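Only one chain comes next, encoded as structure tokens, the form predicted alone.
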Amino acid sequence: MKKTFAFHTYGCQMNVRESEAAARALLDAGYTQAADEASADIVIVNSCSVRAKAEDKALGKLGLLCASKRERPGRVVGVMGCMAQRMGDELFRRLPRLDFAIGTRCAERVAPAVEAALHGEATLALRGLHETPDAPSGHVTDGGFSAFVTILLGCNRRCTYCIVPDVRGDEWSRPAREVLCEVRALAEAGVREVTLLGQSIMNYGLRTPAFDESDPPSPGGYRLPFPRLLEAVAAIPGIERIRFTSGHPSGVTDELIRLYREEPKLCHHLHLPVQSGSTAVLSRMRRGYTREQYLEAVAKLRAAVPDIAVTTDVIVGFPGETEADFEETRTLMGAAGFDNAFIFKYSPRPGTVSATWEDDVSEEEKARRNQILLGDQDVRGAILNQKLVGTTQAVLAEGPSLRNKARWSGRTSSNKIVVFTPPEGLKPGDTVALTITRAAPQTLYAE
């Protein structure tokens, strides 16, 4: 009987994509996907290191899985991703029953590691972070209508709080031809929406070449690599929506703004992490922009695309953040008019610059600031969403709602979640015109 496998994925969309690539490799090697994690012969945890809490969750999960080997001695338990890259062989000391640890940029080594584990051999595989990575290839689409496509790996920004460059390595852009070939294959398989991924995605093609002289010129006259790639993806038949994440104010160029204005397939949503509204804190974070430059980027976007939704990430309690700094973050969030915000309490990551500084904002104060910003965002989100009541929105249907299977959910171009009663014959991936009847801070309701 063929061995079965399951993945448990933590962290970002790129981790989801890399779990897909590893799953594809296991299927190609003759393994089968388990109906659920409990029944799987092989369980692989794809880990995240961005925050300490993410690592704690992954370690706790691995501990339970390794303990399950007492009753199931033939079970294989492995870990891949950022935490494996950061901790290396320390994982085997903490988890003696662990079978393998595979770092970032080398998901293709998961299948050989599983084979070795089945023969009683442990594997530790960490790729040098200055080496050219193996880009994820092959999807497990299950007839899905939406897919992630990685176009850039690594990050060169070196923000003082961020461990990503240490676990993901240098920026490397996939060749445009390779990306477009993958998107065409997805479109032929029925995918209608693609989300392009990269830690610093707007730097696509700036550090390592993505186009060469033999590639056809941009019909729209785009010279910068990232808008040029977006234009080429939009030209692929069958693709109806294009998203990307995550952005940086420096990437809000005139060319990108023109593409937002002119290309209907490019969704009117941009995730643009700000992290702080204080220029002094932004400088210590080494973010590369001031408060004023960030707000200018948002203003340029809104002037060109009035209905664009802007979402963000914010860190509260960064070392040295005063009450005045925090109030500057509050006022920036109000001025930017964010449609949604993901707010995190600062936690030092080993090996980063800020980890050497005093973590001088108490946990109680971090929690207080976090709750204030969440409350502000709920009020802001409710006001913004209320303006959509009575409008008709094109919604890409995703399927039954998690809370009520009689209702479905989907997303607008601006990434607003809409819950609605499905018309007869509707299928996931269909686009349906819906009239918004009610609004909540994070959700729209429609008929």
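Sequential numbering from 1, following the sequence displayed. In this text the structure is predicted, and so the values were computed from the model without any measurement.
Missing here is the form predicted in complex with a small molecule; even so, the following discussion is about that form.
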- So which of 279, 123, 370, 347 gets a non-hydrogen atom within 4.5 Å of the small molecule in the predicted bound form? 347
- Name the residue from 411, 380, 51, 57 that puts a heavy atom within 4.5 Å of the small molecule in the predicted bound form. 51
- Query: in the predicted bound form, which of the stretches 236-244, 270-278, 257-265, 371-379 has residues with heavy atoms within 4.5 Å of the small molecule?
  - Reply: 270-278
- Message: Can you tell me whether residue 315 touches the small molecule? I mean in the predicted bound form, with a 4.5 angstroms heavy atom cut-off.
- Response: yes
- Using 4.5 Å between non-hydrogen atoms, is residue 199 touching the small molecule in the predicted bound form? yes
- Query: Is residue 172 close to the small molecule in the predicted bound form, meaning a heavy atom pair under 4.5 Å apart or at it?
  - Reply: no
- residue 161 within 4.5 Å of the small molecule in the predicted bound form, heavy atoms: yes
